[in-house]
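What follows is one chain in structure tokens, specifically the form predicted on its own.
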Amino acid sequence: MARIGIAGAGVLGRLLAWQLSRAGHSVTVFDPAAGPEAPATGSLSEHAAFAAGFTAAGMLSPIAELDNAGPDIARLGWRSLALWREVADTLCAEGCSAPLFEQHGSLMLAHGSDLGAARRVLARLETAPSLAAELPAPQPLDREALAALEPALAPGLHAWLLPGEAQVMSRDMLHALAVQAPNVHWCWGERVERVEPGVLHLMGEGPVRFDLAIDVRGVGAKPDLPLRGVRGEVIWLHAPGVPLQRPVRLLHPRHRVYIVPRPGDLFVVGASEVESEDRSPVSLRSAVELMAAAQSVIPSLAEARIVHMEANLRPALPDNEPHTHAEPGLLRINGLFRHGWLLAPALVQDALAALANMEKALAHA
């Protein structure tokens, strides 16, 4: 049994704590948030400390992400789909009553004037034969097929069904990973300011030593990594009676707009992408543009009520690619950018395998 310290209780931190504690290790997690729960509506502020995973809609869309990511992201994301299902099934079997994972595919949509963006995604699959062999092919839908599948969508949209894509219920999943992790010591309200092999340096308290130190602080890992925060904004709507079974993504020249259904007639609409580390409330321009795009896809959302809006920062490295570093006593995973939920379980699986192989090599050295 190893003593493991984790800096950060976002998607990666909670998933690592849950898995490592189930493997019999002693795990302590430090995070500046006040507790494991999602921030209360209306309590978000420029200085609030809460995981970006709470804001994200939890779309697991490796095919659609080819619009702005490479084949490696798609492969990792596709592998993560099965891993998230396993996590959700285990959590539900052990007591979580909330739905955590749904897999009904997703829809990629485009207005006639924006077909170029859709063709770019489709072309990436067609020009990468190995990737096309690994991922299911998008299925074009005519007007009748689209209306039968999702009757609330506006007629005249160009549409493709992306089989196998899914979503996690981000807030419920984050909460379940924390409260159902066995024998994890959660240190809320504790900020880690530096991570070294086997050591977490706590702000105002000094170093705490472990057999393994894990750094998954997201934007909080600056300046140890050359990170920047990329602002994302989402809007929660309540629209009773509006049917939508699966996430939809509108390919748009200015925004990658998604609409994700949630239990209770709720819809999550996002997400703007602004090169700014401003955590202040959602801007008027973003709100208007996101909601106008959503209404253009689902006209009946015109009578939806705005539940709340929130903004957060995605951690991104200069190349917008995820980064994993492992050495004796230290593991870092960061830079997941837009793909935190999409990539987390596959990256965790690979990182833990790399650490195990390193330990074996050192034992035989």
Ligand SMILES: Cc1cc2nc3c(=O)[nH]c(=O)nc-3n(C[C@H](O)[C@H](O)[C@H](O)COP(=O)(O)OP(=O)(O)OC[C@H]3O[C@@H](n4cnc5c(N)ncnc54)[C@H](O)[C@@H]3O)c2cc1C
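Values in this document were obtained by computation on a predicted structure and should not be read as measured data. Position 1 is the first residue in the sequence shown; the rest follow in order.
The protein also exists as the form predicted together with this ligand; that form is not presented, and the subsequent description refers to it.
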{"item": "Interface stretch in the predicted bound form with this ligand - options 75-83, 288-296, 231-239, 108-116, non-hydrogen atom within 4.5 Å", "value": "231-239"}
{"item": "Contacting member of R171, R124, H158, R191, with respect to this ligand in the predicted bound form [4.5 Å, heavy atom]", "value": "R191"}
{"item": "Contact residue in the predicted bound form, chosen from L331, I63, V27, L336 - any heavy atom within 4.5 Å of this ligand", "value": "L336"}
{"item": "Triplet F101, P140 and P247 all within 4.5 Å of this ligand in the predicted bound form via a heavy atom", "value": "no"}
{"item": "Non-hydrogen atom contact A17 with this ligand in the predicted bound form at 4.5 angstroms", "value": "no"}
{"item": "Contact label in the predicted bound form: G8 to this ligand, heavy atom within 4.5 Å", "value": "yes"}
{"item": "4.5 Å heavy atom contact, L177 and this ligand in the predicted bound form", "value": "no"}
{"item": "Contact flag, P39 vs this ligand in the predicted bound form, heavy atom cut 4.5 Å", "value": "no"}
{"item": "Within 4.5 Å of this ligand in the predicted bound form: residues from 197-222 (heavy atom criterion)", "value": "V216, R217, G218, G220"}
